[in-house]
Every structure is written in structure tokens, then in C-alpha cells.
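Okay, here we've got a single chain as C-alpha cells, the form predicted on its own, with questions on binding and movement later.
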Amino acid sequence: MSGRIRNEAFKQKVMSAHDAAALVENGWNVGFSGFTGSGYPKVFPEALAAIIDAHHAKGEEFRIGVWTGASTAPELDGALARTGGISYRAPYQSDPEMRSAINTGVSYYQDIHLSHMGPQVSQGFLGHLNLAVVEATAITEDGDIVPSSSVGMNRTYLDHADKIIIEVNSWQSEDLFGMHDIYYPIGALPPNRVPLPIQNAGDRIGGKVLKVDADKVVAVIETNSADRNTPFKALDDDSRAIAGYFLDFLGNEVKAGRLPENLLPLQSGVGNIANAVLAGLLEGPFENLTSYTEVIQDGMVDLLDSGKLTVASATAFSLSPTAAEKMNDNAAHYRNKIVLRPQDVSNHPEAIRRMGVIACNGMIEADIYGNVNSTHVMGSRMQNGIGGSGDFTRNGWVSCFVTPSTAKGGAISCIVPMVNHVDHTEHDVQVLITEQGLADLRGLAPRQRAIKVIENCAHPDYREPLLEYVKLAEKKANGHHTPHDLATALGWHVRFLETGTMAL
């Protein structure tokens, strides 16, 4: 044994991943740890996939519900999706195999705000939770679980599952102990809820470990496998331009007296553009920053190293392999600067609103009135879930969305007359940024927004068609509040498929 299992009773429950997976029954709901490729079980899902395949080979039905914190990795989402054995998936995914299973109708998927997942599980809306499978850095002498590189939904799944399987991963640094802040709320559901006692991003309100009912633990598995995260793309001119516009906006807010000189706590969505914005902050003028977000990316670690960021609160890491290795080697140093919380705390609307978090998230497309599509292609095809962007967008002090102005080498405009799927309405979206510029939509009526979005954010190749659309819509709407020509707006994407152009 690795020495990470320090409780004698749990040592007696160590078994192979195959033997543990054999305990799962058809029709079960399984809650897995894992959030953006961090802290997910590494060997159990693949062992379970092999068992599902064996059942299917014999013509036997075997399908399970899969619940996680957010996205995971090919060893979990990919392995299980390939079997065709996932009946239902929630609350977020971004794996190509899982995406294919959803879009071909093999698996049902429910896209849930990450702050809502805990209450919905607790209230039983998703059904009964049969099993929780959670990765741990270690098991203490008292039988408590030391979390690994993500917290996510672990606390809720451990509390509600009938049975528990723990993967103890010796790749995860033991120095992560003390980085986590595991809050067990008093009165988790109405009418007994109490205010979340967080005033500042670095406040610690819970303990260092996850509590577990030892009688529910049916297996312990030992692993030594790294988290699977992909490197971020190198900064390009577009991402630098987007970051520059965002920093200029923040600087103007400081000058206007709407933000203090060290800003307010920062939230950054997942991905290359969001990471580029963090890189921009590294070169920018702001000091003594704080972050209250859901994932810690490479750029945030760089900000901590520079001293410009004093503390970062999240629920998980989303680090490149190089940065993950650095974090493992220096976890003792970072644990005083990083707080990892359950996702119903990291994404809690009350805390986000109270601290005035500055939200900055990516998007697939925005329309001329400020509605944002974060999740779907052509209205029906799921790309990835909404994640925590809604939690921060609706409740933040200011909500920003960033994207390049075009996709597919310029063949698709990311600024459109009407988004083909609405994740964030115009009521919640305040700032749109592309490499072309920034549109501050605060205080503007729809017709005013349309012109500003087109002139500031649309690519030059698409500005004229978009302005022509506005003229047509205003003529047909005859002065109505939000002018639209529905036939033309809805046909915008269809024309691209048929002709390769979005021109009217």
C-alpha cells in the first residue's frame, strides 16, 4: 500500500478497480468526483466501462446515470460514453465522446447551473443516488477524506449516496492538505437555510476534510495517475486584443469611481481566451487583486506568483500538465493562497452578489441585443454545458463575455442578429468584447445596443450585413421595442450551411 490509507478499517476494503466496478448494478445513479479534468477517479470508470461492454456483448441491458461536478476527462466521460451505457448525464460536460452520445440521442443530458446541482440532488429531483465514487489524496486515521485537486460535488454525493467507493491517488500531492475549505451548511434547504458566512474571497468557513460514513464505504482503490488537462494555446493577437479591451474597461471603471484601485474579486471562465485575459492582468497596472471563481487556471497561478493576486478561491484546478506538476511540487506554498471549496459555495449567488464579483466568461455567439449563447451550435447540437457562467453573470457586479468576432477561419460571425440558443439574456449581459472592440451595454435600450454591438464587436466583413438586418428589422417592426425580422434572423445560420456565407 502507498501509505495514504491510514485508517485500519479502510485498509481492509482495498480491492482492484474491476472488483469494485463489479458492485455496480444496472440502472444505478453514480455520483463521481471531478471538475474540469481535475480530481476525477482514474481507474474505476474504465473498469466499469469494461463491465458494461461485457454485459452489452451478451445482449444484456446495462445503463447508469452519471453525475459529476463538471467536465471530467477521457478516462471517465469518454470511457463510459463509448459504451453507450450512460442513460443520463448532469450537470456539465465537454468531452467529445460524451457530446456525441448526447447529440445522437444515446444519452439524455440536463444542463444545470453548477450552484443549483447540490440543492437539486438534495431535494431528489435527479432521482436516487446509489453510489458515490470520489478521488482522495489520503484517508486519515479518523477515516476522513482529504480531497484532491477538486472538490466539486463531493460533499453532497458522499452525504446522499447509499454506497461509497474511494480512489486514493498517490500522484496527488499530500501537501494539498489544508488547502480545502469544506463547509457543511446548517439548514441546507429552505426554510432552514442560513446566510453563507463569507465576506471576503479568502475567508475560510469550514474544515480541511470530507466526512464520510464508514459503513457506506464498500471499496477503496489505490491509484497513481495524473489529472488529464490539456495545455492552453499560446497567446495570439486576437486574445491579446480582447485582454487589452477588458483591462481598459476595468481601468475606466476605476477612474469613474465604480471600482476600487484593486478592483473587486475576479471570476474567470474556463478556456484559452479566459486564460489570456488573466495573462493580460499579469502585465496590467492592478495590484492586490483577489479572485472568487470556480476554477484556477495557469494565468491565475502566474498572478499569485507575481504577487499581484493575493488569494484565489475556487472549487477546482484547471491547469496545463506543466502547471499541474508545478502545483504538485509546491502545494505547501500555494495552500495559504488558494482555497478550494464545494461548488455550491464557490458558485453561491449570495456570496457572488455580496462581494461584487467581476464576471468574465467565454461564449459561442452573441446577438445584436446582448443575448448570449454559451452552449449550442445551430440551436440543437450541444457543445458543452453552461457551467457556472450563469451563477456569476446574473449575480456579479459587472458581467462580461468574450470571444473572437469570427469562427471557422472567418466563415462564421460570432455576432448575429438572433442567437440560435439563449443561455444568458440581454438583462444579464452588460459587456461584450471581441478582438474588434468592446460594447458597454449598460443603460442602453435594445435599438441602441444593436448599433453599438455591431460597430464595436462585429468583424468588418459582417458589419454591413448586420446593419442591413437592423434596417430591415426596424422597417418591418414599425418602431417596436426590439426590432426583429424573424424569417431573416432565423435563416441567418441556415444560409451559412447552404451557401457558406452569412450575408443577407
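We number the residues from 1 along the sequence you see. Just so you know, these numbers come straight off a predicted model, no measurement behind them.
Unshown form predicted in complex with a further copy of the same chain; subsequent notes refer to it.
- Contact with a further copy of the same chain in the predicted complex holds for none of G34, A73 and G143, as no heavy atom of theirs lies within 4.5 Å.
- Residue heavy atoms within 4.5 Å of a further copy of the same chain in the predicted complex occur in exactly one stretch of 439-447, 24-32, 458-466, 38-46, and that stretch is 439-447.
- a further copy of the same chain in the predicted complex is approached by E426, whose closest heavy atom lies within 4.5 angstroms of it.
- Among residues of the shown chain, G105 is one whose heavy atoms approach a further copy of the same chain to within 4.5 Å in the predicted complex.
- a further copy of the same chain is not drawn, but in the predicted complex it has no heavy atom within 4.5 Å of V217.
- For the chain shown alone, H480 is a contact residue for a further copy of the same chain in the predicted complex, at least one non-hydrogen atom being within 4.5 angstroms.
- Proximity to a further copy of the same chain in the predicted complex, taken as a non-hydrogen atom within 4.5 angstroms, holds for one residue of D203, D238, D111, D302, which is D111.
- Comment: a further copy of the same chain is not present in this chain, but in the predicted complex one of A226, A407, M378, A332 has a heavy atom within 4.5 Å of it, namely M378.
- Residues of 275-314 are not found to place any heavy atom within 4.5 Å of a further copy of the same chain in the predicted complex.
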